[in-house]
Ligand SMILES: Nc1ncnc2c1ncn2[C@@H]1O[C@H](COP(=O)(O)OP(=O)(O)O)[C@@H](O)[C@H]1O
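In structure tokens, one chain follows: the form predicted alone.
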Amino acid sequence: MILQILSINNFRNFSSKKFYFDRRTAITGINGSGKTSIVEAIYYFTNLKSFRTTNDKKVLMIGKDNFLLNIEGERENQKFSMGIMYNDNKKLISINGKRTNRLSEAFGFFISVIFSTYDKLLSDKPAIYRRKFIDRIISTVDPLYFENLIEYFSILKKRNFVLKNDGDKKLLDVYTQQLSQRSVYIYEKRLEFLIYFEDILNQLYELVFEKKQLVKVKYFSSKDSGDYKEYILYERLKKIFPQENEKKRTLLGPHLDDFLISVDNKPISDFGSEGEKTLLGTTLKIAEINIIYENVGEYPVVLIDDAFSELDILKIEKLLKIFDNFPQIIITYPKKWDMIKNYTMIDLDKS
């Protein structure tokens, strides 16, 4: 998959702009010039939302109430296009000139992986970052998982509304059964994926860190307060209804589970330096690229947004050599770097 053209209207600090990309493109400029906004706009086509915020209104240009993004590219020697318009709290998406009716139809069409300073959060104690990361990978290679995830969160929202407002217990029971049914496929695919994911991580860890250590990935089930057990979510939710009624929200389920990653039996949250956390996040993202390639049959567009600022120059150069194996790289970088070579340059200070 190769991205060739990006058109931006009313997105962040760009009122109207078009950018052209080669297989190796480097974007530079002073702080605030819009480097990150460009890769953010590209990644929007993959995740159907920003990697910097979950609020679409925050990416709108100040004073505007809508934005429009378009991309053109090539995959398997065929041209493709995709457009996203945000207006009145709604997203309208088109693929090759045809309107899509559901987000699930658009998710996974344009595949990219982004490396950014946010990758360090994958080493933090809160589970939400790892959970979203794993959910995104599985969704990319399994559309049915994505559909189940959307339905699960839709039901979860309704169930929480009933709990918050002391609603009808019969309705609450209906939502509890539906939530439990949707959770079955999610649990199954997560557990299946982690075996595969752990194997890939062990192969990559030595490549990135240049030392061999044992990486383990374990599933933490909130339903079971530890290792996943083979009984349905519905049974556990019924038992803790008094606590949920007090807290006014759903206290167990896939939306609260974690993926516990350890290196030589040390939890990744124990990683000390910012550089080590950056390297671990980079390892996880390279694993994402490899998994996508093995399951989808093509490499994603690789986006690198100031991801290696915590690393020394030698380590950055070694990482860039690893990335050279991928068909397309789009990188943002500060002008003080001098190791970016053989890249087509986009200098925002001159545009």
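Computed from a predicted structure; not experimentally measured. Numbering starts at 1 and runs along the sequence shown.
Another form exists, predicted in complex with the named molecule; not displayed. Remarks below refer to it.
> Please name which of the stretches 35-43, 291-299, 319-327, 278-286 has residues with heavy atoms lying within 4.5 Å of the named molecule in the predicted complex.
Heavy-atom contact with the partner occurs in 35-43.
> Name the residue from Leu48, Leu69, Ala26, Val59 that puts a heavy atom within 4.5 Å of the named molecule in the predicted complex.
Flagged contact: Val59.
> Might Asn13 be said to contact the named molecule in the predicted complex, defining contact as any heavy atom within 4.5 Å?
Within the cut-off, so yes.
> Is Ile30 close to the named molecule in the predicted complex, meaning a heavy atom pair under 4.5 Å apart or at it?
Yes, Ile30 is a contact residue.
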